[in-house]
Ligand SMILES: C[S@@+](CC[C@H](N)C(=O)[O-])C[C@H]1O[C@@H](n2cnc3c(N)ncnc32)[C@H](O)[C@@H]1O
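Single chain ahead, by itself, as structure tokens, in the form predicted alone.
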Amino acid sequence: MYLVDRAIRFVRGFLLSFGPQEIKQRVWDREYRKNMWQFRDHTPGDCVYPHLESHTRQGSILDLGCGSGNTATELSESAYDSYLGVDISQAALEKASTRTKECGREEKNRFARADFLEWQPPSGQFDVILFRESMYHVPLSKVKVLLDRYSDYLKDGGVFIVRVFAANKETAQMKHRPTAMLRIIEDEFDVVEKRRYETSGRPTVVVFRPRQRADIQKAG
């Protein structure tokens, strides 16, 4: 049974990273409509929020892989001026929109359905671009390419924020794939903050910006 479960998880992970958009949307829609991710729908006080509040500076947020809208509805309303959440799942975005209306943030929060691996923002730049666990679905070979592309949508002084579970929650042993992602980020970008929390799941939050832009700012 263990081998069967592991094989199923591998196939699912492969499809969500490398599969066509139609397949990925179908998988995510089915899982959200079955409430398979309901246990993650409410995360008040999450460790990523203080980092967001510090770096958003009452500005704009682009949330790639926003899911059912936790960040859009749980982050302090005074911490940001505008928010755009992107997700491939229509079912997830329906939940996010409902939650936004329930907390009265329709004027601040917007949502778009797209696969962020291929999506091109229509216009504008952001103070923070957030990958809240969604970086798991980026193939390692595309991590730098993706971040370089989205760097064009950061304002001067803007940052990326990535939140991942890089350590095993039981043993604290580092996991290969998220650790490799963090290594790429540290090697290719200017890291502003990095912290591993000992809270549930042992998440790691890393804040960083494009290196060339950081070098220009230092030179100035």
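Worth saying up front: this structure is predicted, and the values here are computed from it rather than measured. Residue numbers here begin at 1 and follow the sequence given.
Only in words, not in the display: the form predicted in complex with the named molecule, which the text now covers.
- Checked against the named molecule in the predicted bound form, the residues F116, F111, Y80, F126 give one hit for a heavy atom within 4.5 Å, which is F116.
- For the chain shown alone, V143 is not a contact residue for the named molecule in the predicted bound form, no non-hydrogen atom being within 4.5 angstroms.
- The closest heavy atom approach of H137 to the named molecule in the predicted bound form falls within 4.5 Å.
- Taking the partner from the other structure, the named molecule in the predicted bound form has a heavy atom within 4.5 Å of a heavy atom of C66.
- Under a 4.5 angstroms non-hydrogen atom cutoff, the named molecule in the predicted bound form has N70 among its neighbouring residues.
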